[in-house]
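Let's start with one chain on its own, the form predicted alone, as structure tokens.
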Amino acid sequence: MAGVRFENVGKIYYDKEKKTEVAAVRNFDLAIQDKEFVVFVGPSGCGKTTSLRMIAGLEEITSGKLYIGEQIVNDVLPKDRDIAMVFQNYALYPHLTVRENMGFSLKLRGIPKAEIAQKVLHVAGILRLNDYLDRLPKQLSGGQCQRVAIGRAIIREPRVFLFDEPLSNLDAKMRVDMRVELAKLHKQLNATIVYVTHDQIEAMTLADRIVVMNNGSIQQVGTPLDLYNHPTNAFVGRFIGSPAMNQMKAQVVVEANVVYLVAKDVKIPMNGQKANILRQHANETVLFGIRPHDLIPSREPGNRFALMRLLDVIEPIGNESFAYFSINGEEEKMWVAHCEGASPVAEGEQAAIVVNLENIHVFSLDETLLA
């Protein structure tokens, strides 16, 4: 296996219609360690697939250097990079059986038939495909086809595995099953994996580290919990976590030496180090955010700080529920709070939304973290 390193890599396209250059990827600096599972995540058009395709050699690099292991591969042909790529549409040969699809790349390399057969059986055992080796792709389910595509990549024993949204064509249950399969597979193979998805739940459950991208740039790199608990900007706060972080503009107000975040009928006291930081921004407008898990509906807040709100909608999801309520900031909008189990307050009733003041994130209007 091998690591992958981007050094100030950029990719520029020329838009013929607009007759202008478009930067798909900008100043991309990242070191992926040998045997690490790294996920590129972000909205459509953020540059994540372009970045993956540059590793594969399917996109030319406009600027910077790209290394696989210690080799600069900017001008190395895809076939000479010793990588394997799994696509979202499986890309199986429809006229070949599972056995033939999996062994095809080895056949092209002139590997003896007996060795190919042995390797196919070994990989099929890992992916639980032994019973399907003589079937054609059209006789398989979507999940089985994806496992064949993964098996075809594994059998080559490449230095780096690349996955381009491999689960996006599967139904919800199959996506969950395949996430588990991929996590187990990474442990078995001890492989370097670079994985692209727009689904932040996939990213959170699979990655050693996540690379959050937007508008062609890296926004933050870190472990799933780092990104969830310590977003460096408001975009990462919104993108990582499901449901998304609640965010709203507010003014920093200091009254009687107490620092508040104030937005119309919302007035939240701040304390500790965050209050000390925000004191320096008195009378400024900021953007603050709080995750649904730090807003808890209750009938009685006790001595805890709470917002009194009417619950508009409650979504029960088995062992947890999400309660939606209106909040008046710069405009009418819905916020969401989290409940363990069933909500203690019914739809249409007044609830005390208890706020975990320690976990409020405050950003500047340019979305940079302040406190």
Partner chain sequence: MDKCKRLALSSALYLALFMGAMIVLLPIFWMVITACKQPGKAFEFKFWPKPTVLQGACLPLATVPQDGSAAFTLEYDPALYPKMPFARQVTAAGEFNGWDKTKTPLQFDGQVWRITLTQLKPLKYEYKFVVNDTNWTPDRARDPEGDGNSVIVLQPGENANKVLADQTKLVGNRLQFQINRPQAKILQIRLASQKDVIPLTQDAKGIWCGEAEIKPEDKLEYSIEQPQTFSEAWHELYTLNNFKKIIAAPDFPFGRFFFNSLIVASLSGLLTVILCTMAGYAFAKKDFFLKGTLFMILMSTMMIPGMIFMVPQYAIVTNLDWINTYMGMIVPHLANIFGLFLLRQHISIIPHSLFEAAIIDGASEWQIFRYIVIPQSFPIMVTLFLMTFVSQWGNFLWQLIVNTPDSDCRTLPVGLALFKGQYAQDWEVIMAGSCFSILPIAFLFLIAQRYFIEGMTKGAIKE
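From a predicted model like this one, the values you see are computed outputs, not experimental measurements. Residue numbers count along the first chain shown, from 1.
Form predicted together with its partner chain: not shown, discussed below.
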- Query: Among the candidate residues Asn130, Ser141, Asn89, Asn190, which is the single one with a non-hydrogen atom no more than 4.5 Å from its partner chain in the predicted complex?
  - Reply: Asn89
- Query: Exactly one of Ile83, Leu182, Ile296, Val196 has a non-hydrogen atom within 4.5 Å of its partner chain in the predicted complex; which residue is it?
  - Reply: Ile83
- Is its partner chain close enough to Arg53, His95 and Lys107 in the predicted complex that each of the three has a heavy atom within 4.5 Å of it? yes
- Message: Counting any heavy atom within 4.5 Å as contact, can you tell me which stretch out of 285-293, 196-204, 151-159, 229-237 lines its partner chain in the predicted complex?
- Response: 151-159
- Hey, in the predicted complex, does Ala346 get a heavy atom within 4.5 angstroms of its partner chain? no
- Item | Contact test in the predicted complex: Lys18 vs its partner chain, heavy atoms, 4.5 Å | no
- Query: Taking the shortest heavy atom distance, is Pro269 within 4.5 Å of its partner chain in the predicted complex?
  - Reply: no
- Contact label in the predicted complex: Leu58 to its partner chain, heavy atom within 4.5 Å: yes
